[in-house]
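A single chain, nothing else alongside it, follows as structure tokens in the form predicted alone.
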């Protein structure tokens, strides 16, 4: 989402203000820092980054802070870093032109509706197109600051999404990556009086009708909304890539209830194992929070049980970080940091064992890989249908093409292979 927000900002500045990109901060007339506030560490990093660029920038250059931390801290950013020129919240990306032309501009309105704004076009990678399908979040997870920084959930009108996907595909993006806080809740609410009779499975089917689109990915679906209709389209639509990000957060039904996630351990396992049954090669990734307030050893073991049963191909695991404006930050039974660290290490050790087992089973397998970039090593890199990162030798003529690759050296985080035609 932040990548796509940054692309929107660049597109607007290029079109309306005649800015061009530079990799050298000393040449820049404008330095933008686009921020995240989901965890505490990036917030702390923001001010060191501001100081770093303030020392490097040329005289008269502006520094702007955008994104979720901008929404969260607002005026405080000016107080702590008076050399910042403007602060633009995550729900106000379309106002970037006004921001750069207004002294000490501040706009952190989380109720602002950008759902029907037609942004100008810019993409970091022409072979893959990120497309927003919704903004904001209506969930009230007790650990999460996002509803306070991105506002209520609104679905973007389907014709805008379809047109953007069609345009990107005609310009070379054969893979469309749909973005939203809860993508499979798409269609719940549109802005104003708009009423579109469409849900996420139907949106997937409509995008797949675009001839030039070969692959469709999305993130993140919410386990609560993973009904049979959604799973059926995911399994049967050949253009929908067979990788699923399912944010578990905890394997304990008690903790899930305290998190206000809306589902149980049993529901999550039912959905994940159903996917494994219907699609043996499906890749499932997840998010896990360790050390949530009140997490007992038994609760942690419930999480480990889900990890061992599902055998996730990728886990984004973090120790619980209290966030302002969230209910969990006020819970009395906070977990000792050392306990959280020990549990996180145990989880990572078990996951490493699972990944070693998974990677061994990929030796000599053949995947259809969509080549989308050249790495600094000189190797071509792309993704298989089930989202495995694959690297091979080749030249730039293969960018934007799908090739068959035989895996010769599987690693935990990447697969290395050779192209077979």
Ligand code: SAH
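Note that the structure is a prediction, hence the values are computed from the model and not measured. Numbering follows the first chain given and starts at 1.
The same protein has a further form, the form predicted in complex with the named molecule, not shown here; the description that follows concerns it.
- Of the candidate stretches 365-373, 31-39, 46-54, 392-400, only 31-39 contains residues with a heavy atom within 4.5 Å of the named molecule in the predicted bound form.
- Contact with the named molecule in the predicted bound form, judged by any heavy atom within 4.5 Å, is made by just one of 351, 208, 321, 253: 321.
- Interface residue among 289, 73, 178, 93, judged by heavy atoms within 4.5 Å of the named molecule in the predicted bound form: 289.
- In the predicted bound form, the named molecule sits within 4.5 Å of a heavy atom belonging to residue 220.
- Put simply, residue 106 is far from the named molecule in the predicted bound form: not one heavy atom of it is within 4.5 Å.
- The named molecule in the predicted bound form comes within 4.5 Å of a heavy atom belonging to residue 247.
- Within 4.5 Å of some heavy atom of the named molecule in the predicted bound form lies at least one heavy atom of residue 144.
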